[in-house]
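To begin, one chain is listed below as C-alpha cells, in the form predicted alone.
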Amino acid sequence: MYTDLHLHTHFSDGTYTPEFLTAEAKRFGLVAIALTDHDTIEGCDRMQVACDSVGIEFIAATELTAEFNGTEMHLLGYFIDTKHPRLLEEMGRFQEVRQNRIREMVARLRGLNVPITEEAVFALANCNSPGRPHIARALIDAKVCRSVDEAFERFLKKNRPAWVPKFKISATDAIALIHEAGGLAVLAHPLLIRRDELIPDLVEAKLDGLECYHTRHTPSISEHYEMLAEHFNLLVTGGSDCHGMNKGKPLIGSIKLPYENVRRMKARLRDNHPSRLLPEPSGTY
C-alpha cells in the first residue's frame, strides 16, 4: 500500500507517456500516484483514464517554479481542480514564459554557431511546457553533445553561455493559487534548496507540507524533514521525481510513500474544504 507523489511525463520534461508511467506504477505495486508536471496539468486527463483502467488512485497535481526571498524553489500542488479558471489562466502565462525562454536560449546557442533551431526543440518537446532538457535533446540530435549532462554542463546550466533566467512566481502567490484551485501546497525536495530557515516563513504563508522523501534525500535527511514537518504541523509527502530517461534512469519505484500519508492529505483537505468531493481509492487499502 504505497504511493509515489512526484512523477513527470512528456507533457513537461519527462520522457514517458501517462499510459506508460501508469503501467510502471502498476508494475511496482503502487496504489496511488500523482502527476506533477512542471507548470501544466495537460497530462492529467489521460493519466486519470490510465489509472482508472488499472485500478490505481490518481491525484491531479502540478509543480510550480517559485521564488522566496531570492531563492528559487518548487511547490507541488496536490488535489487541484484542473478546470479552475484562474489556475488555467496562470498556467497559460507560465507556459508562454517557458516557450519564450526556449527561444532566447536557442538564439544564444545560434550566436555561438550551434546548429539547432527553436522549431526542432519545440518539435521534440511536443507540449506547452518545454524546458531545458528539450534543448539538451536537440543538442544531442544535432551531434553537438553526447548526453544531457554534457549539454547542461557546456551550455544550459546557470552561468553557462546559453543560460537565460526563468520567470518565477512568488512562493506566497503560488501557495495562494494552489489553495484557490482547491489544493494543498507542498515544498518539493527541500534539501536541494538548502534554506531550511525559510520554512517558518513559508508556514506563515500557509504552506501545507514538506516533501520529506525524495531520491536525493538520504534516510537521515528524510528523518530531519519529518521532524520539521511534525514541529510545524505540516503534511509529509514523498516521491521519486521520475522523469523517465531524461535523468539517466527512470527512478519510479525507488520511493514508496505509505498510503497513510495520502489519507492525512485528504483529511487536511476536508478540513480546508468541507464540501469538496475527493477521489476514493480503487481498492481497499
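Numbers for residues come from their place in the sequence shown, where the first is 1. Predicted model only: the values in this text are computed from it and were never measured.
There is also a form predicted in complex with ligand AMP; it is not shown, and the following applies to it.
Novice: According to a 4.5 angstroms non-hydrogen atom cut-off, is Asp13 in contact with ligand AMP in the model of the complex?
Specialist: Judged by the heavy-atom cut-off of 4.5 Å, Asp13 is in contact with ligand AMP in the model of the complex.
Novice: In the model of the complex, does Phe122 have a heavy atom within 4.5 Å of ligand AMP?
Specialist: No, Phe122 sits far enough from ligand AMP in the model of the complex that none of its heavy atoms falls within 4.5 Å.
Novice: Does ligand AMP get within 4.5 angstroms of any non-hydrogen atom of His217 in the model of the complex?
Specialist: No.
Novice: If we define contact as a non-hydrogen atom of the residue within 4.5 angstroms of the partner, is Gly131 a contact of ligand AMP in the model of the complex?
Specialist: It does: once ligand AMP is placed as it appears in the model of the complex, Gly131 has a heavy atom within 4.5 Å of it.
Novice: Among 131-139, 200-208, 81-89, 172-180, which stretch sits within 4.5 Å of ligand AMP in the model of the complex, heavy atoms only?
Specialist: Stretch with heavy atoms near the partner: 131-139.
Novice: Which residue, Lys166, Arg110, Arg103, Arg195, has a heavy atom that falls within 4.5 Å of ligand AMP in the model of the complex?
Specialist: Selected option: Lys166.
Novice: May I ask you to list the residues of 134-170 that have any heavy atom within 4.5 angstroms of ligand AMP in the model of the complex, in sequence order?
Specialist: Residues within 4.5 Å: Val148, Asp149, Phe152, Lys157, Lys166.
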